[in-house]
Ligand SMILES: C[S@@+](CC[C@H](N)C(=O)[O-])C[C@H]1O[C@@H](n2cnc3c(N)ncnc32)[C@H](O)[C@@H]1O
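Quick heads-up: it's one chain on its own, the form predicted alone, in structure tokens.
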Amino acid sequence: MDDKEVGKFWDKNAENWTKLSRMGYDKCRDLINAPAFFKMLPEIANLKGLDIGCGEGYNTRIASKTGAIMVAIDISEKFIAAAKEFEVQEPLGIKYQVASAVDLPFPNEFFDFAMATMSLMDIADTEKAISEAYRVIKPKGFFQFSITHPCFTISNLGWVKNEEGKKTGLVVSDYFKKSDGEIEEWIFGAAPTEMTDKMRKFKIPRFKRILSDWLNLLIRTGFVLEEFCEPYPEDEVLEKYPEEYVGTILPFFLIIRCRKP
């Protein structure tokens, strides 16, 4: 499977993904991932940044409101169309365009930093995507990205439950089993079933890599590893959304920042 085939899947996912996420049903993004990502992000005010795999532009907009001069790309034409529509409604000066992460349409050393939020694990040629990010970042610039946690990305979740039926652990299996385009089907569980039952489930190609694959790939590309985060729901989040407690059992996500020498 190549990037063009992946793009076709995301074009089909884009309408429902955008609709549900803008209604607040992407709880993991809104409550866990994005807050941790931007807390870890260095000062970006007045810096030129690239968002790789921006989707409908949620995190791009946060970066722009933080003061960065943002350009954002996605392989899905429908996601970019949705992002541009929002830019018309709330102009932030973001430049969106359809492009592939494995063939970025920018000159060498063009950006002060690049970011990618929950997109790299969905890209067919991870090595080329990271190489392209390295190419377009200026020396001393950084690349920060979030992915599903490589240690706990398994096809069939095997939850361990106590006598009351509460989830207390997870059975991890097939860690070393790699995937090159295995299709996962799901939809945001926080959304009402009466709504999602009428929707087409997301079909997402996964390209599974183990943790050492990711770290060694960054090192081989030339990046210097700088900081890591395994986000989890904070106490104030749990008070308001107690169902998110499963995020305290193990890390579902991993954030990595590395820098170009």
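All of these numbers come straight from a predicted model, not from anything done at the bench. Numbering starts at 1 and follows the sequence shown.
Keep in mind that the form predicted together with the ligand is missing from the display, and what follows is about it.
Task: Non-hydrogen atom within 4.5 angstroms of the ligand in the predicted complex for each of 153, 172 and 251 - done: Per the other structure, none of 153, 172 and 251 touch the ligand.
Task: The single option of 79, 142, 145, 111 touching the ligand in the predicted complex, heavy atom within 4.5 Å - done: Looking at 79, 142, 145, 111 one by one, just 79 meets the 4.5 Å heavy-atom criterion.
- [ ] Would you kindly say which of 130, 75, 71, 83 lies with a heavy atom within 4.5 Å of the ligand in the predicted complex?
- [x] By the 4.5 Å heavy-atom cutoff, the listed residue in contact is 75.
Open item on the list: Looking at heavy atoms inside 4.5 Å, which stretch does the ligand contact in the predicted complex, given the options 215-223, 55-63, 194-202, 41-49?
Closed with: Of the options given, it is 55-63.
Open item on the list: With the partner left out here, check for me: in the predicted complex, does some heavy atom of residue 119 sit within 4.5 Å of the ligand?
Closed with: Yes, residue 119 lies within 4.5 Å of the ligand in the predicted complex.
Task: Exercise: residue 6 in contact with the ligand in the predicted complex, heavy atom 4.5 Å - done: Because a heavy atom of residue 6 falls inside 4.5 Å of the ligand in the predicted complex, the answer is yes.
TODO: Find out whether any non-hydrogen atom of residue 101 is located within 4.5 angstroms of the ligand in the predicted complex, and reply yes or no.
DONE: Yes, residue 101 is a contact residue.
Open item on the list: Is residue 123 near the ligand? Define near as a heavy atom within 4.5 Å, in the predicted complex.
Closed with: Looking in the predicted complex, residue contacts with the ligand include residue 123, since a heavy atom lies within 4.5 Å.
- [ ] For the stretch 23-42, return the residues whose heavy atoms include at least one within 4.5 Å of the ligand in the predicted complex, in the order they occur.
- [x] Sequence-ordered list has one entry, 29.
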